[in-house]
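Below, in structure tokens: the form predicted alone, a single chain.
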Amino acid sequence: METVHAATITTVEQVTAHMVRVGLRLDDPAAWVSDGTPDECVHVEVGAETADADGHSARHYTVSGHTPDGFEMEVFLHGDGPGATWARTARPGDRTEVSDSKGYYEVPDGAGVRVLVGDATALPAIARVLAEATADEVFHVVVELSDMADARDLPTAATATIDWRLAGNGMRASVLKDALAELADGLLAPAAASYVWVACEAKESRAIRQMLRRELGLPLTHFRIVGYWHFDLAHAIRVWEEASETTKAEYMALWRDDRTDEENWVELEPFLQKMGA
């Protein structure tokens, strides 16, 4: 992880059928840095013996709220991976380590309707975005769940339309791209100037990015697409491990700090396709 902060679990709460909220008290709260975005996430040491697709043994989760001496985060319990296993067995008093946070949600000046789209893993971030929204904002939200028992109230001062879909999440085919395509002649017309935030399975997120940029012609400043998890993590890791050192170096060089993430993805996407990722 980047910067490491020791923490103690203080609370464990079952939010919905497959979502657990874990409260953490930081040993040194003043040293932990929040990036301030409503979709901020942290890397968390969960005792994993295997790395994720980004090379981390830690796993990343959404910060759902702040407390005086730490924060709360939410973990979606899908499968039997190290993160889900850790959250199922977490108890107050357990120790762990976390990173500083990083988020992606950034509405540009002059943006219209905020379009939030995601699967169950995105629900904590969507809930916080809405909870922190102001009365003058308007949202169109699409969330796909594998089980409607994971639906929850999404209180907000803003005007919000919530569209629940039963699909995706590794259990069924995702409908998120189709749901966005349904908005092509309205909220996603370039003239509407909507801001689109999407978080879901990695390959689905990449397909959605291509549609927004190439087919719908949205400017890069008006969407932010994030791959939260991999349906076939083993394949993603294998592609990277089998790549030559030259290919890895070329990949790393494409991600430049002087460009936005979405600008980087313009070159990164065709490169990943060439790698077979």
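Just so it is clear, the structure is predicted and the values come from calculations on it, not from any experiment. One rule holds for the numbers: they count along the sequence shown, beginning at 1.
There is another form of this protein, the form predicted in complex with a small molecule, and it is not shown here; the text below is about that form.
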Point to revise | Contacting member of 156, 101, 169, 96, with respect to the small molecule in the predicted bound form [4.5 Å, heavy atom] | key: 169
**Study point:** the small molecule: the contacting residue among 232, 27, 215, 250 in the predicted bound form [heavy atom, 4.5 Å]
**Key:** 232
Point to revise | Which of 203 to 211, 83 to 91, 188 to 196, 105 to 113 lines the interface with the small molecule in the predicted bound form (heavy atom within 4.5 Å) | key: 83 to 91
**Study point:** Residues 60, 76 and 227 all lining the small molecule in the predicted bound form, heavy atom within 4.5 Å
**Key:** yes
Point to revise | Contact label in the predicted bound form: residue 118 to the small molecule, heavy atom within 4.5 Å | key: no
